[in-house]
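Only one chain is included here, represented as structure tokens and corresponding to the form predicted on its own.
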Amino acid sequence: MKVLIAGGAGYIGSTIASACLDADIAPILLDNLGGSSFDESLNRTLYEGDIANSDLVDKIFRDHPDIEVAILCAALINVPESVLQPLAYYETNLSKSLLFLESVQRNGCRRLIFSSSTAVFQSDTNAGITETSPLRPESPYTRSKLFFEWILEDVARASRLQALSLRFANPVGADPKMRTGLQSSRPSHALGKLFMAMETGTPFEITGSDFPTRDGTGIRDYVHVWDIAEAHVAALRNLMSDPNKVGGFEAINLGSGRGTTVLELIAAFNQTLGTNVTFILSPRRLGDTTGIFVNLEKAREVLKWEPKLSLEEGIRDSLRWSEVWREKSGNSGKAES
């Protein structure tokens, strides 16, 4: 079985590719390498280019006519940046994704998995978010994710497309075998900034301490990236389980199933690594929300999946990967994970 992974050299896509290989599924990668690099030693097939390049996508399917599923991970993902640059986010996450979807369908591939976000939901820290919880995306990034889900639903209703949207947020860690991980020296997420604070000896900046949570700081559902990758493999198997099924759209939430506040993340970080990172309080950033955690009942029922790795394992794997990536990239400073 072959699968086309758009954004396959990025953090999520490359980890999905690792999980596919472990499951005897051949990943074919498409990536413009704008925010990542490609490790040729991993012996994976990469086509370098934009997902909106229909000629390139056509060539991929000519070279690999046995591709049965496409996974769309390619996207811009920085929430505050999306507030300042909404057109760039709508162009990449909507317009280019639409062109990719058209190319996939034109080449006879009728199964697609979309890497979406739990940030499409209204903030709620009282109970785990289900797939029917109220929707309220609060940034161009999260709106672009929900808009594309609606597009997939419409296209699936009007065609033979089987589309599955996997909603998750706040991945941590790396491939436990250290083949792939986050490639960034300027992290925009909390765990990466904690590593920066540890390495520079500066306080960690908590942006927002007036949220309606148990300690006033935002709450997130931190899930190990390997668990996310294995959920995509489970989704691939789910889509292929009924070869006679035609059309349909479904959304499924992924996560750890528990919420962690920023203060709790700092405590877990310090305890896991034996550090003493301090913090300062700052105002909220553009697009910041209270946050959520997810209910995993549907993922367990439909995908036969549930997370296996802990936040602490994610922190340790992030540190291990930062050392591996620094050595691979020749980066003089430490890589953040």
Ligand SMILES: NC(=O)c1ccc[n+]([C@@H]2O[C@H](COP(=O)([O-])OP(=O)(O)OC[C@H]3O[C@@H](n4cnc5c(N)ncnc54)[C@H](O)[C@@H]3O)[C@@H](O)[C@H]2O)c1
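As the structure is a computational prediction, the values presented were derived from the model and not from experiment. Residue indices: 1-based, along the sequence shown.
If you look for the form predicted together with this ligand, you will not find it shown, but the lines that follow are about it.
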Are any of the heavy atoms in A231 no more than 4.5 Å from a heavy atom of this ligand in the predicted complex?
-> no
Evaluate L311 for contact with this ligand in the predicted complex, applying a 4.5 angstroms cut-off between non-hydrogen atoms, and reply yes or no.
-> no
Does any heavy atom of A9 come within 4.5 Å of a heavy atom of this ligand in the predicted complex?
-> yes
Any of the heavy atoms of K96 lying within 4.5 Å of this ligand in the predicted complex?
-> yes
Which of 240-248, 147-155, 71-79, 105-113 lies within 4.5 Å of this ligand in the predicted complex, heavy atoms considered? The stretch 71-79
Selected contact from Y141, F195, W226, F121, since only one has a non-hydrogen atom within 4.5 angstroms of this ligand in the predicted complex = Y141
The unique member of T207, T213, T92, T260 whose heavy atoms fall within 4.5 Å of this ligand in the predicted complex = T92
Contact set, 34-53 vs this ligand in the predicted complex - heavy atom within 4.5 angstroms = G34, G35, S36, G49, D50, I51
